[in-house]
Ligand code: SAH
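Take a look at this single chain, the form predicted on its own, given in structure tokens.
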């Protein structure tokens, strides 16, 4: 591992303290902060408004580790999947999704929070690939900076806001890595740095109730999404093993408290698995569970994974389940599929030997 001081992931006060220790004035920290977060610059030698001797000193003792893009795949719909390499040679996948079909569209970025995932949801390729470690805050911020730099280069665009939305929905369970996820968000929303809007950030959890309770007290305006997928403990225990630790009653209490504290609407994500969780009885259970809450339901027709036994429902069955929920008074959308032809859709991210 690199013994140099990692500057990526430091807030401006921390960076100022470090620069002060090196005998430099505070404004040097602001210059470096701008180079890192506004210009996605990892090389100190490119920081042209710093004295040459100081740049050389920083190069010897510090580092800015923006993950390297080893490979990218481009979907027919414009979605891009990046295979990124971290400092310790571990690899992750991250995805950028176009928000429209227009030429100069902006993108949403799907960030990974762990290398692999320990939750082990039965229908998810990431969980079946095993778990290696959690990511550091700077490695999540690096996914944003690296993806933005790659997009601007590939598309020959100079739009500083080309990535305008972030979803912590990639590989891993964000609330198993709570402190580092929140730390990365606070850097990304800093008006003096990346300056992303809080309401353009979503954190998706498979049901880690303690993390939901902690988020309620963070004074953040990010969106909370819960991967529900089943509305009775017997089925959810099988599909989402975390349910055995936080059964539905416990999970729903945490969500209810979150809404009461924050007054923010939550999103329930529901993977639609053919012959598993889309019968009329499942719809009735979902209506009973969600209707009392300030919430949306996002239906996700299953993106099939070659090594897993689950099947995508027919278009008719998707529409029928949707209509049952709408008739029951829920606010429901069907997620538009992106990137399934390059295995970049929900549940398909998986590090394979390459």
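Quantities reported herein were computed from a predicted structural model and do not represent experimental measurements. Residue numbers count along the first chain shown, from 1.
Absent from the display: the form predicted in complex with this ligand. The rest refers to it.
- Distance criterion of 4.5 Å from any heavy atom to this ligand in the model of the complex singles out 204 from the list 204, 94, 134, 79.
- Checking 255, 141, 271, 166 against this ligand in the model of the complex, a heavy atom within 4.5 Å turns up for just one residue: 271.
- Residue contact check for residue 246: none of its heavy atoms lie within 4.5 Å of this ligand in the model of the complex.
- Shown alone here, residue 302 lies within 4.5 Å of this ligand in the model of the complex, counting heavy atoms only.
- When contacts are judged by a 4.5 Å heavy atom cut-off, residue 170 counts as touching this ligand in the model of the complex.
- This ligand is not drawn, but in the model of the complex it has a heavy atom within 4.5 Å of residue 227.
- Picking from 80-88, 183-191, 117-125, 145-153 the stretch near this ligand in the model of the complex, with a 4.5 Å limit on heavy atoms, gives 117-125.
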